[in-house]
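Taking the form predicted on its own, here's one chain by itself in structure tokens.
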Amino acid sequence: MLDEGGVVRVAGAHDALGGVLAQESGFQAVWSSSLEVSAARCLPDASLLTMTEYLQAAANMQKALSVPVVADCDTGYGNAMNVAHMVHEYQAAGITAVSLEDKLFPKMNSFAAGGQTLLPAEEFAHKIETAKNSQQGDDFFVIARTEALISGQPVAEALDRCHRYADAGADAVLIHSKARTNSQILEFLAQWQGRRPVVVVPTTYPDWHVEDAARAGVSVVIYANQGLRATIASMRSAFRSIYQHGDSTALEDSIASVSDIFALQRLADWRKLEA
């Protein structure tokens, strides 16, 4: 997809249904978000779930999709040995792209209050090298995500780390920021010199249009949690309406029909197997 040119747009999801809706809308890939998968269990995004649980969520999405799933694998679930095991298991499940971040395991979500502790750059570079050396064949894409800006470090530190990760074999780098504008990202891009594709996650600077991001040098944009946030708002509103009115009449024109659900389930295709 990157070779075809243009920005690859990726939508976050936590289950196959969300992934299918993202694909229907035109997104070229789906982000199996650790925040969304954790939130779907009403648990914090703090390395509480196991690799197996995150892998199952990503695999369920990939089975339902014809576009790639990019699996958010946090810190790789431990040390370099865990990373090697992770690559083996994710490849075996048909996942072709993973993202690893340079924080200590267990990690805390980037937007949670409190400090973020980074792994030394050389140790994380070893994780990236291990991931690339552990893959079978060329059809596996490793994104090295730096949390340097999230932890309060300057852009120079993010650049240094990403250069180290590129040297270790990363296929792309993800530069993450929780600033309210894209100024840090633009500063990074101006000095990056295009060594590897750059991935961004514009959660806190949502007004950055994808075409402007492309002109600045971005290759991949991940809308990591907007689907989950929309789901929460819509379900909360629907349930409150039903409870307050005593029936669901007020909602019926604005919610999906049962036949729409059947179509998403491909029920007609499954029923043909009975014939």
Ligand code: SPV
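Start at 1 and count along the sequence shown; that's the residue number. Fair warning: this is a prediction, and the values are worked out from it, not measured in the lab.
The discussion below concerns the form predicted in complex with the ligand, not included here.
Of the heavy atoms in Ser110, some are within 4.5 Å of the ligand in the model of the complex. Residue contact with the ligand in the model of the complex: Ala29 places no heavy atom within 4.5 Å of it.
In the model of the complex, at least one heavy atom of Leu35 sits within 4.5 Å of a heavy atom of the ligand. A residue is said to contact a partner when one of its heavy atoms sits within 4.5 Å of a partner heavy atom; Ala224 meets this definition for the ligand in the model of the complex. Contact annotation: the ligand lies within 4.5 Å of heavy atoms from the stretch 102-110 in the model of the complex, the single such stretch among 183-191, 102-110, 126-134, 158-166.
Contact annotation for 242-275: no residue has a non-hydrogen atom within 4.5 angstroms of the ligand in the model of the complex.
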